[in-house]
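This document starts with one chain, in the form predicted on its own, laid out as structure tokens.
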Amino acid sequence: MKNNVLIIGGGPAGMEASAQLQRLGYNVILIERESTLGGHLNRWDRLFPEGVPASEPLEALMKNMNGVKCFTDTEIQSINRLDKSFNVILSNGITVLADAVLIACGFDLFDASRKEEYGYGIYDHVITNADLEAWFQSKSDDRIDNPKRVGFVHCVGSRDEKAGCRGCSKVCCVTAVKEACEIKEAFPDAQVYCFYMDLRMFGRHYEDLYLKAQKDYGVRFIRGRVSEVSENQDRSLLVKAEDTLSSKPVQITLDLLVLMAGMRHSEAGRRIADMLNLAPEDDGFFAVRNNLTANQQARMPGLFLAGAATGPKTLPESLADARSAAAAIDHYLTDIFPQTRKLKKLVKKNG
């Protein structure tokens, strides 16, 4: 008899973990609250640092999921820990008895309208990184009309005590640089500015992209937090900041301002945590059993975590996390269920 593994969240981490566990012989049930799998990957145009279309890794993930039972437009109604399993009731009326549960609920983007000083939702030509990615896909947004001066504001909702998030969202810097280059490709005559606190270009080829943005695209980087955005009579934007490298105030008139909204914990994940009486970390993401040696395991037996459920991650990190979580689940189920051990020994014996 195969063990049931329930995976909550059909983004990249949930999809990758599903495929891995399916190959290991488990009966995998994947649930996703949206109508399609892929999560935020569906809403991104190209990926840093090489500019690969987001559709390519998404297609590869879908191809590997043969045999995985998926329920879309489905949420968790209730989840309870039993002796060695979980009783889970889904919004479609189905009840699942799962021997292990993997939470891969991803992240939510920070609501940029909370930073009123930047004018999102107030001024027409203030948009977010997600809005810009949607335009890259569709080329349809009345707010983006041949801009001649474009600004990017890093760390919107991240590294911000007032916004309730002291942590770094990890991917905002490189995403801003990527999008700045793409804006220059779309509007070659535009002047592009990036307002940053610190550039955290930690990944392979990220620094190359940053240098390319300056050398090949002429993007100007200004170290300093934007203090105020206002709208002129012609509906252009007046941006006030301080260039901390020159210790001088800066005022720039822009046609478009892009706010790099950071990663926050998933509200859907928070609801699941509440059902299981799991206390989150201070940043709202799921707490793990051990940050060094067991960061795919929750603080409850049989409950596992992957991807941005535990904090901001890049796509490669989320996929690697999912593979590690699948291995951890396999190890757990092999240890706890005698029939699983016997089945694996039999498969190994028979080659």
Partner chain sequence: MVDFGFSLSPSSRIDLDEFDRKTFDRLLALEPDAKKCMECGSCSAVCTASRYTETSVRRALHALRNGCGAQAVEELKGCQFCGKCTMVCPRGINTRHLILSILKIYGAL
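Numbering follows the first chain given and starts at 1. Because the structure is a prediction, the values reported are computed rather than measured.
Below, we turn to the form predicted in complex with its partner chain, even though it does not appear here.
Chemist: Within 4.5 angstroms, counting heavy atoms, which one of the listed stretches 213 to 221, 255 to 263, 169 to 177, 135 to 143 is next to its partner chain in the predicted bound form?
Modeler: Result of the contact check: 213 to 221.
Chemist: What is the one choice in D274, E267, D243, E117 with a heavy atom within 4.5 Å of its partner chain in the predicted bound form?
Modeler: Contact with its partner chain in the predicted bound form is made by D243 alone.
Chemist: Heavy atom within 4.5 Å of its partner chain in the predicted bound form: which of H205, K248, K84, R235?
Modeler: Flagged contact: K248.
Chemist: Closest heavy atom of Y193 to its partner chain in the predicted bound form, within 4.5 Å or not?
Modeler: So Y193 counts as contacting its partner chain.
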